[in-house]
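One chain follows as structure tokens, the form predicted alone.
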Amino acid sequence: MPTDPVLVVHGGAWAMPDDMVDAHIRGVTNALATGWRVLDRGGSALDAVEEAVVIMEDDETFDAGRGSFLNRDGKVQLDALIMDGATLRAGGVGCVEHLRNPVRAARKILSESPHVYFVGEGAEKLAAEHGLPLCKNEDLVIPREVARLREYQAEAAQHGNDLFAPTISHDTVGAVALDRNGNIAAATSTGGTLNKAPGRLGDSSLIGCGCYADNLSAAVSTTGWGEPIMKLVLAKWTADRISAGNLPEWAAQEAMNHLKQRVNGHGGIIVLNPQGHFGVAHNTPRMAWAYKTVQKQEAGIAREA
């Protein structure tokens, strides 16, 4: 019995300024259209989330791929994870500096390697061995982010800055999908936090933290301040709530409440179960999201409830 496909994407949760709203809506809408083409022709949820995330990695609006935040040394370091709910196979990369699309490398690990996770040079070597081109780190750096880092560091030197304030962008991108065969998948990709220490890894690419998928529960992708999300293993925590019989709408909101109450964290989450029910929630001022089902499509910037 074929199931109707569903695709949900997010493009970050933070205090997004008014002049960036349109670019975020365009970006998530483009990602949705690309991922949906895969599902509409009978492709897998895994392929759909990969293709949707690639579009956002290639869009300089988001903190993923080219245009990502710079670390303290002025470099881009990228992390990504992709997971297949049917098999529990996953692939993750961390701290890569020479890949335009880290989610592509993550997919190669899932498909071609017995391992789940590669970091740094090892991840780049595996990617190159499987036909993914490497680039210079400078190719991932854009003038907007050079200026942003300089301004942030000057401000921090004078007044001290909260590295994880909700006003600092958390434009991590992610997607969750259900395909016609009833399988679900999730992917998350990020450039991490502005001015992060070199080598710092956030939640996005860690299995069960920023990304998780299991056909017996749910597909989940998170965004936001990574350290508190990691402490709660929040994606898996949310999937477990769905295993216990809760709907994704409830589980998503409950996850945000848990994040705030337990560790004073902030962020956003998208959740999808194998029945096609999904939830979107956040506890930041705004979150970019979009979804499509056979009956309906919507994209927008959710405001804090």
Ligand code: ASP
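Since the model is a prediction, treat every value here as computed from it, not as a measurement. The first residue of the sequence shown is number 1, and the count goes up from there.
Below, we refer to the form predicted together with this ligand, which is not included among the displayed structures.
Contact annotation for Thr223: at least one heavy atom lies within 4.5 Å of this ligand in the predicted complex. Remark: Gly94 does not count among the residues lining this ligand in the predicted complex, judged by a heavy atom distance of 4.5 Å or less. This ligand in the predicted complex is approached by Arg200, whose closest heavy atom lies within 4.5 angstroms of it. Among heavy atoms of Asp63, some come within 4.5 Å of this ligand in the predicted complex.
Comparing 102 to 110, 115 to 123, 191 to 199, 144 to 152 against this ligand in the predicted complex, the single stretch with non-hydrogen atoms within 4.5 angstroms of it is 191 to 199.
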